[in-house]
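One chain comes next, on its own, written out as structure tokens in the form predicted on its own.
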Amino acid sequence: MKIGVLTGGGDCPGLNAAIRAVVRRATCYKYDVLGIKNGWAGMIRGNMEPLTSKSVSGILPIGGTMLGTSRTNPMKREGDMNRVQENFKAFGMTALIAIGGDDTLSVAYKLFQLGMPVVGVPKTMDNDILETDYCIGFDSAVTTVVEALDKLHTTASAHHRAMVVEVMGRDAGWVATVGGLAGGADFIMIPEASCSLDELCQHLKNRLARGKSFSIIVVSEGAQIPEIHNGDLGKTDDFGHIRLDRRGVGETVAREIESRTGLEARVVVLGHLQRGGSPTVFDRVLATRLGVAAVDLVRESKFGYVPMLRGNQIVPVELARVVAGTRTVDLDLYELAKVFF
């Protein structure tokens, strides 16, 4: 048995822990492992290297991915899917484990439909993959958000400012909601709950009237704000995604707060800080459990599945269900956060 493993899409803490788990579990079964470089680009170009217990030693606490990653989509260019299948055979692989988010897993599902023995592993700091409670990278990302909010509270209080913190998440507001709730945000704006600048500014005026001289506002990069319209945000990536940081939503919100309330406002865009650093304990354990479970699925010839965290159990779920949509924020959780606005 020779298992190929790749990491695709955006990086996040916990990927190396998952790679390590795949290799260590495969070694238990005396399987060989091939590390595929830079996501699906490596499968197209045949860029791979053998992985052993020695080569993954010490990578558990390291962020990013030792294999590299990319947003390459082999379904976009003619002939690339054929090259993926040809390299799968040419390198003698008997199974493939794809670690990634909805884009990476959508390619994995297409390859499974074409007859390739594929297993997925859910990774995204956005936490927007269906059928799971948590994805690799999410806990580390929101921990970074909370640490930033804790620091920003003191400077906001000292200068009596409104601090607008823009966070990632694309079409799902999990990072903003959970990070904002845990970090004591005074207002949270997410894609799932449209909120106008009028509502935000009235809330801040009400806080001022109650003697609250500063506020922390967490804004998801994809927040639905009626007064903010997307202009030309440039080219999309291989999967059709725009660069949401180019919306400048945090800067716009801060500027409007100043003009409408008189409060001095500052913006902090956390950006790729949310993707960096060592994984949290939770992400290390989750990634380890999922990597081991993925190899076990291969051993059982249970292809076309993804191991998912449900409660405290890891359960296999069909890829077809996983890529059927986007997991958006539970609005009950958002309502809970609003209790503390």
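No experiment lies behind these values; they were computed from the predicted model shown. Throughout, we count residues from 1 along the sequence that is shown.
Not pictured, yet referred to below: the form predicted together with a small molecule.
In plain terms, the part of the chain that comes close to the small molecule in the model of the complex, with a heavy atom within 4.5 Å, is 270-278 out of 270-278, 286-294, 53-61, 302-310. Heavy atoms of Val107 never reach within 4.5 Å of the small molecule in the model of the complex, leaving it off the interface. Taking the partner from the other structure, the small molecule in the model of the complex has a heavy atom within 4.5 Å of a heavy atom of Met125. Gly120 falls outside the set of residues with a heavy atom inside 4.5 Å of the small molecule in the model of the complex. Among residues of the shown chain, Gly169 is one whose heavy atoms approach the small molecule to within 4.5 Å in the model of the complex. Only one of the listed residues (Arg71, Arg83, Arg266, Arg247) places a non-hydrogen atom within 4.5 angstroms of the small molecule in the model of the complex, and that residue is Arg71.
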